[in-house]
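Read the single chain below, which is given as structure tokens and is the form predicted on its own.
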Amino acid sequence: MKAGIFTTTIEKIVDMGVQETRHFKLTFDPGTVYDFEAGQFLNILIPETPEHKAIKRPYSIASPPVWKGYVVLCWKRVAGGIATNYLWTLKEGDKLTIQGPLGRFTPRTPLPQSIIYVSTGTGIAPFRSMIHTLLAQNAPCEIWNIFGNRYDEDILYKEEFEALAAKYPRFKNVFTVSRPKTWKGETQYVQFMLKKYIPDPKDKHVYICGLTSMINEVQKTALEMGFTKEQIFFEKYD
């Protein structure tokens, strides 16, 4: 599908975690066809205001293509950020203009024996789309979700991912929290979780999404473990 301009309606807003992160469900007008691939992103078009010019900002689609009629986005409020501070003023029922779908951060085929998704914070968004898609397709590969956050409360979609792991034996979560409060699970950074849980790089792909510093650390670790650059894919959020 070629990228286009679409008007959506904000059907639902959910506050998530303690880091000012929100989940937005954007619905399309009846009859609208919006096809995309798991892992793609779209641009939010921010209108001109007295304080700033019109701008656009990219956000990964956090829902799978098989959920028709709407898309889900999740974003974290950035101090001083024009886009997220504008989005924070919106409420359910408001209109939002988007441009897309865009991007090529999608599952490479043929699929390997195992896919390892490594993310922190809202970097989970494209992986939520990919994970739901691969599981719905009964893809014959093992899927790992290595997901790092600062605090216990920040693990986005935690219960949802746990339910998927209970339903699909080939799907495995590794949650890690770097500043635990009551958390009793893993506490090291995601690159150490990759090394701990994925000892053999043979017939595996690693996808990484988040901030550049984290991506660099995970990529460095993966290469030291014996992964090749052709087995590693990433998308930066800064």
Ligand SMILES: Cc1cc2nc3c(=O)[nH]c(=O)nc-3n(C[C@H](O)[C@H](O)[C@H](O)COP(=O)(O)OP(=O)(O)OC[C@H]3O[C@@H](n4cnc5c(N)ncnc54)[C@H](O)[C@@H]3O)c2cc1C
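Note that the structure is a prediction, hence the values are computed from the model and not measured. The first residue of the sequence shown is number 1, and the count goes up from there.
Just so you know, the form predicted in complex with the named molecule exists too; it's not on screen, but the next bit is about it.
Looking at the partner-bound form in the model of the complex, is residue 122 within 4.5 Å of the named molecule by any heavy atom? Within the cut-off, so yes.
Considering non-hydrogen atoms and a 4.5 Å limit, does the named molecule approach residue 145 in the model of the complex? Residue 145 lies outside the contact set for the named molecule.
Any non-hydrogen atom of residue 172 within 4.5 angstroms of the named molecule in the model of the complex: Residue 172: no, not in contact with the named molecule in the model of the complex.
Even though the named molecule is not shown here, does residue 69 get within 4.5 Å of it in the model of the complex, heavy atoms only? No, residue 69 is distant from the partner.
Looking at 134, 115, 74, 98 here, can you tell me which has any non-hydrogen atom within 4.5 angstroms of the named molecule in the model of the complex? Here the answer is residue option 74.
Out of the stretches listed (193-201, 56-64, 29-37, 178-186), which one is close to the named molecule in the model of the complex, meaning heavy atoms within 4.5 Å? Every other range fails; the passing one is 56-64.
At 4.5 Å by heavy atoms, is each residue in 14, 127 and 155 next to the named molecule in the model of the complex? Looking in the model of the complex, the three residues 14, 127 and 155 all stay beyond 4.5 Å of the named molecule (heavy atoms).
Members of 211-231 lying within 4.5 angstroms of the named molecule, judged by heavy atom, in the model of the complex: Residue within 4.5 Å: 211 only.
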